[in-house]
Structures are given as structure tokens and as C-alpha cells.
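Only one chain is given next, in C-alpha cells, and it is the form predicted on its own.
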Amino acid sequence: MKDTSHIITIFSIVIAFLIVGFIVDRFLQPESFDKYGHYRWNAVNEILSQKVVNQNIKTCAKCHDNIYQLHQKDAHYNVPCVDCHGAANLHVAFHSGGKDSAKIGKLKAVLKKEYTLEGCLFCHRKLKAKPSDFAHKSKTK
């Protein structure tokens, strides 16, 4: 080989980038990262402090017990209410009569009740990946 200086230069640059990358990575990592596993430990408290958006099925059952009892006997008994009716945080806050209920207003507290084909297709769209015994629907029906 006549001239190998260009190879040495390229490898030197790559190694320099790797070293700088590792140093920058170390300085940019949050303080609580890798404290109890490969994630940011402070994220747990941040997630717990967020407002609840989707309600538990038991929350719905407190006021809608008759519908809850019917739902338990239905083919969709294991599907949570929020999957079809949407997030119920405003609905629950408005009807619980809390301090924010006046700000929400009745119109924002209404959940969708009617069944639409597009709503059903969210889970029941015909896909080859789904088992053949799963109930499939198509847009034409």
C-alpha cells in the first residue's frame, strides 16, 4: 500500500465522534436514569401526577349499574366502556358535581352513545393477521 494516511484519518475521526458521543450522552442523561433499571425513575412520579383521562369500568358502573349489568352478559363484556364511548374524564367531572363542573358545561360532558360502522371497524376490520374465528366486518355491510 502506497498511502494509508486517509484510512488512518477516517478511523481517527470516527473514533473521535464515538468518544465525544459517549461523553455527551453521559452529560445529557437525567440524574435519575438507570437508578432502578433502564429508565428515568422520576418519570414515575410525573406520570402519577397527570390527570386521569380514561375511566375504569367500575367508575361507569357507579352511575350506570343497569347498563353495566347488561354489558357483563354481552359478547363485549371484556371491552372497557372508553373503547366505544371515548374518554369520560369530562363526563365524570361534570356529573360528580365537583368544583370544575360549571366550567365544563353539559355539551362537553356528553359521551357518544350511538354505534357507528366506523367505530365497530376499529376492532372488527377484516385483517389477515386476526384469527379466522374473530368476528370480522367490512365497510360494504
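All figures in this text were calculated on a predicted structure; none of them were measured in a lab. Sequential numbering from 1, following the sequence displayed.
Below: the form predicted together with a small molecule, not depicted.
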Report task. Could you confirm whether residue 101 comes within 4.5 Å of the small molecule in the predicted complex, counting heavy atoms only? Result -> no
**Report entry** residue 115 within 4.5 Å of the small molecule in the predicted complex, heavy atoms
**Finding:** yes
**Report entry** Exercise: residue 30 in contact with the small molecule in the predicted complex, heavy atom 4.5 Å
**Finding:** no
Report task. Decide whether residue 81 counts as a contact residue for the small molecule in the predicted complex under a heavy atom distance cut-off of 4.5 Å. Result -> yes
Query raised in the report: Do heavy atoms from each of 71, 75 and 110 fall within 4.5 Å of the small molecule in the predicted complex?
Result: yes
